[in-house]
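Just the one chain here, laid out as structure tokens, in the form predicted on its own.
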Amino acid sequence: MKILNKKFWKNSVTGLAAGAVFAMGTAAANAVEIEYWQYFFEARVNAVDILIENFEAANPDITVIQTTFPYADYRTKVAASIPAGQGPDVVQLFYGWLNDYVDADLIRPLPTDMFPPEQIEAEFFPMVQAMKRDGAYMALPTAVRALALFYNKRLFEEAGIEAPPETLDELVDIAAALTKRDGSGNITQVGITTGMNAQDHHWWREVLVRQFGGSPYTDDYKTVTYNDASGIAALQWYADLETTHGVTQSGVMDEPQAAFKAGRAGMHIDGSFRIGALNSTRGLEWGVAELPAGPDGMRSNYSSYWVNAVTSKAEGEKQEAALKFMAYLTSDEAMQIWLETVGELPAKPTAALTDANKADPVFGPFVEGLGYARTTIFANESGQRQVIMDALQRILLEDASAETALGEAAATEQALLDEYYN
């Protein structure tokens, strides 16, 4: 892994971060310590360690302490600590959680003189505009990500499969060839992982629904529209992977990515953030391909991002130091380090959509996916994810029809949207 020159950003930062750094001038005259929080994901932790080391080398009067928590506990810890005047000065959060953080006064708007909205909108991917409230940005990402299909090269070779699937029909055929069972008929190797609790709810919502001819929501994402023939067909196709084709098994090894890392799955759909973890998995030979095209050749994708924000707990010298750290987190250097360490693409098109990235066998499929991806605007990300998880479980465990399960899901999700927007 390449680590960039620790002093590079101080002398060479351009664009938004440069303006912020120069606007800040020197931080507090006395040493100040700030906390940075994120959930535990090894590649992300490693990336932030590098960024902190670089930042502190250029800012010896500021110390940044990184604290992490398991994903399941993370939001609760953040929500409890900040109102008590404890916890992070800079916090990482999923873009879909922004409404909750703003409503609870957990984060501060970024000063418009240091983070000019017009400059952000000129330099960053348009998807970050979901972070704007009342003329100011509440948070900004270091990187963005899309979905792609990971495949196990060794298992493909064993099965005599030369290339990953180009279409959904090919995906089913290849998954069947990769599936293995023991003498009792129990699956020992799945052709493809599934799990609505992971990235598949995004794959279904923004990819499969559209590929089957529908749309998950109205353009403003305030009204559910996936409970039509297209959405039903998309959910039925997904459920059929297990119930009809027998090429997958929900809950295998608890998490789909764990099955793929263990070599017990031929294919796995995930985000570019998985690259770092797969790179460190000894003995795993894997490749990446674009998501398979739909029945009429249509391609679709889902893009998302995690953002950094300054919390309402940060005041005085800590706030100044936190804003300076935010400036570095959104610099070109930080984005390059994140790409090399985590695998997520820079949040600026000029840095992400380069010829080198497009041609890269790993990054390339994600870059292509960003070109036609959509970003879901969540009102309640965890709640909206849960209704799709529940819909699938009604099909798998209660033998409900896809039409019935999706109708119930749509009613529940619409109630969530109405409660928030009304």
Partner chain sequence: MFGYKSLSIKQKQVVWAWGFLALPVVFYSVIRFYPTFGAVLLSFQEWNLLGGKTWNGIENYQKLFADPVFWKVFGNTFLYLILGTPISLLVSFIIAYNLDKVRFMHGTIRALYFLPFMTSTVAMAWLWRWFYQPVPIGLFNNMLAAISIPQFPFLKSTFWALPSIWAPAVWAGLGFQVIIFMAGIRAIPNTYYEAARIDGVGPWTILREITLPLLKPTIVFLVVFSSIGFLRIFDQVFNMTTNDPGGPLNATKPLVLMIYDTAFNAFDMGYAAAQTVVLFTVLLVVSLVQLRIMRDK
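Numbering follows the first chain given and starts at 1. These numbers were taken from a predicted model, which means no experiment stands behind them. Rigid core: the largest C-alpha set superposing within 1.5 Å between the two forms.
Keep in mind the form predicted together with the partner chain is missing from the figure; the text below concerns it.
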inquiry  = Tell me which stretch of 135-143, 117-125, 183-191, 326-334 has a heavy atom within 4.5 angstroms of the partner chain in the model of the complex.
reply    = 183-191
request  = Scan M253, A239, A176, A233 and let me know which has any heavy atom within 4.5 Å of the partner chain in the model of the complex.
outcome  = M253
The partner chain: the contacting residue among D100, E340, E170, D228 in the model of the complex [heavy atom, 4.5 Å] = D100
Contact test in the model of the complex: N380 vs the partner chain, heavy atoms, 4.5 Å = yes
query = Is there a heavy atom of A79 lying 4.5 Å or less from a heavy atom of the partner chain in the model of the complex?
reply = yes
query = Quick one: does D418 come within 4.5 Å of the partner chain in the model of the complex, counting heavy atoms only?
reply = no
ask   = Is there a heavy atom of S300 no more than 4.5 Å from a heavy atom of the partner chain in the model of the complex?
value = no
inquiry  = Residues P83, R264 and Q386 are flagged as a possible site; in the model of the complex, is every one of them within 4.5 Å of the partner chain by some non-hydrogen atom?
reply    = yes
query = Which of the residues spanning 388-422 lie within 4.5 Å of the partner chain in the model of the complex, based on heavy atoms?
reply = M389, D390, Q393, R394, L397, E398, E419
message = For a quick test of reading the superposition: does R264 move by 2 Å or more at the CA between the shown form and the other one, rigid core aligned?
response = no
message = After a rigid core superposition, would you say the CA of D105 moves by 2 angstroms or more between the shown form and the other one, or not?
response = yes
